[in-house]
Structure formats: structure tokens, C-alpha cells
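Okay, so here's just one chain, in C-alpha cells, the form predicted alone.
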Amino acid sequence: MNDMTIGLVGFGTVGQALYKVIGRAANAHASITKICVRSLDKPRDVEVPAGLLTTSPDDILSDPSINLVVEVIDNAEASFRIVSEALRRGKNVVSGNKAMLARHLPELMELQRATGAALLYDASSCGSIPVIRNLEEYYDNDLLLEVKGILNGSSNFILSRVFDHGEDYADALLRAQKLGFAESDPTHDVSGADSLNKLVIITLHAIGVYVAPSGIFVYGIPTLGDEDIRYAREKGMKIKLVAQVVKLPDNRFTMFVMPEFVAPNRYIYAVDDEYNGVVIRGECYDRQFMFGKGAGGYPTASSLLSDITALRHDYRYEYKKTAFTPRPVYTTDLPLKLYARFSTTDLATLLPWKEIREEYRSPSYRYVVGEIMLSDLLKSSSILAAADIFLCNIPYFFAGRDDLPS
């Protein structure tokens, strides 16, 4: 168990938080000896010795005294170049870049096998919640049925302000930006893309199968309107942006990201503000619920530190479920129950509904509730991008089995 000598790539909110956290953790047995930044002159909240800073990742990658690279930048392709090169050089890596991991996991798994170096990335999914390591170690068998939850703290903060505090969507988004929970361009969070990337990573560890993001249906909350909020309230529900992977009969599984109507008797109903909540369901243990902060520098830094400590004890992901046989097969060939609100884009006729069970018309908008194939939603992505549309999933997986204990 050698001390960890760290080269840190990226020194924004998370990188600076990690620098502080390592300084406070007396038993971390870790020190940051070099930090790669974009600009040496940029003002920062944390003062570090000038000799620690560099603008060249190669100063870290080529330094034989550095035995761990921690990467926390926001550029997916630059992240992949740095992480993959570090692994090739035999350096262990900790990363929090979920977009990079979601695109390149198969290559990174192969690099770890070829080089013997380890890559840990619990910080990439759900902030402070150790969901990946739990899926790897505690749920390391094939009895798992479902992983479902709120994986993006920024979008959840916005929806909490809407449903718990009566703010409209635009005001809630502005508040999230002012508090630092959402970026100046919040697209990645509110579109569902961030949740999708996390779901890809989680699914590999939950099911043992990698599915590329391009093959998964994702729909976000940017077009959420007063009509949808009113409909949810009339039904006694909240709307949450939910990601889920679910096993199906005949050794199949599905996964998608969508807004969902959530009833008060569901665990994730009470997951508010910038928090994340994950429900893990299994054949023998029913449900396990994990809850924690999913946004912010310190929650992410705490997860990074946990990975750093794990590597000091020679921990690595074994990807056990990728060797299970037979592994489940990904499918979008299944029906979903859906609420669809629109005005000028006539979804009642443009989408191939299997059945429409409810329909409402007013002078300004319409909505339908019906059954549609997930595969048809995926094929209709271009239609569903219209600004006058909002979709919300009406859950039916494990219907009647999700009630909270009375």
C-alpha cells in the first residue's frame, strides 16, 4: 500500500474541492504534486504553489513519480486521450467524466486488461452515492431486476422548485444557475443527456452489458409547461427526470431516460433539490434505496477520494457480470404508457400509438395518454424534438409493488 502521488488534470469546481478535501483527510496517504490547467493566470478560489501548475498533460503522464492520474475536465475527447494514455503508461486513473466513459467504456476495459492498470470512476455517477462499487461488490450476481432513479441533481433541483415551491420552470432554472447547480448552458442536464451517460455506466455494472448512448431513448424537461405541471398536480403526483434499466422476460432488458409521473408512495418522490436517489431491485431482496447529493464540488470530491483510497488498497473493478452466460439482450421492443402534450405537432396522428386511452382538447393545447412501443419513440426522435411537445412516462414496471412501507 504505497502513498498515492497524484497528477490532477482539471482544476475547476471539482478539482479545487478535491485539493481541499485531500488536505483535510489525514489518513488519505495521498498528495497532489502536479495540476494541469488551461490557463496559469486564471483567478481561482484555492491558492496553490505556482510550481504545481502546468498547462501540459504530458508533464503528468511522463512523470515517473506520479502513480495516479485524477482526471476531472469537462471535455470528453480530451479526457479520453489523457485517460487512455495514462493507462497505456501503466498509471492508475480516477475519472469523473461520465460523457467520456459512456462513449469509451469497452476500449477502456480492454486497456485495463492489457496494461494491468486500473481505472475507477464511482464519481461519474450520482455524485456522493457509491452506486457503482455497490453494484460491483454487493450486487455481484444475476439476481438484480432493476436500477431506477434520479441521476441528475441539476434537473432535480429545478423540478423541486417547480413542484415544492410553486416556481415556474424558467425561474427555477435561473435559480439553479445562480446557485451553481446548473451551467450557463444547462442543455446537458435538462435534456437528459447527463442522466443517459450515467445510466450507460450503471448498466454495465448492473447487467454486464454495454449499450452505446445512441441506441437509447432519452427525453428531457426543457419543454415542461404549466399544463403538464397542472396535470401532475391534479393526479397528486410530481414529475421527476428518471433513468432506468429493467430486466424483462426471455433474458432481455431495456433502458431509457424520461420524465415520469411519480406518486407519493414511491421512494424517489421525496428526493428533492440537488439530491440523487437510486432504487435497486432484486429477485430475493426486493428493493434497496440509496440517497445522497448528486451535484456540487464537495460531494463529487468525496467520491473521488474514496476511489483514490480504494486504489491504494489495490482495488479494481472486475466487471464480473460481463462474463456471465447467458447475458441479457438489450431491446426496445416493448410498450410504454405515455402522456403526450402538444399543440401544433399532432402527435395523436404522427405517432404509431398502439392504443389511445385518454384524450383532451383545448383551444391552446391537447394531450393524449396511450400505449406506444419504445422502439417507435426512438424512431420518432426528430418529431419529438419540436418545442410544443412534452412527454412523460406513466410507469407500469412492477406496478403495485413499489409502495412505501406503511
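What you are looking at is a predicted structure, and each value in this text was computed from that prediction instead of being measured. Start at 1 with the first residue shown and count on from there.
There is another form of this protein, the form predicted in complex with a further copy of the same chain, and it is not shown here; the text below is about that form.
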4.5 Å heavy atom contact, residue 290 and a further copy of the same chain in the predicted bound form:
yes
Contact with a further copy of the same chain in the predicted bound form for residue 248, defined as at least one heavy atom pair within 4.5 Å: yes or no?
no
Does residue 186 reach a further copy of the same chain in the predicted bound form, with heavy atoms at most 4.5 Å apart?
no
Even though a further copy of the same chain is not shown here, does residue 324 get within 4.5 Å of it in the predicted bound form, heavy atoms only?
yes
State yes only if every one of 128, 138 and 310 has a non-hydrogen atom within 4.5 Å of a further copy of the same chain in the predicted bound form; otherwise state no.
yes
Answer option from 88, 104, 81, 320, heavy atom within 4.5 Å of a further copy of the same chain in the predicted bound form
320
Given that a further copy of the same chain is left out here, which of 171, 74, 142, 227 has a heavy atom within 4.5 Å of it in the predicted bound form?
142
Tell me, please, which stretch of 43-51, 375-383, 26-34, 346-354 lies within 4.5 angstroms of a further copy of the same chain in the predicted bound form when heavy atoms are compared?
26-34
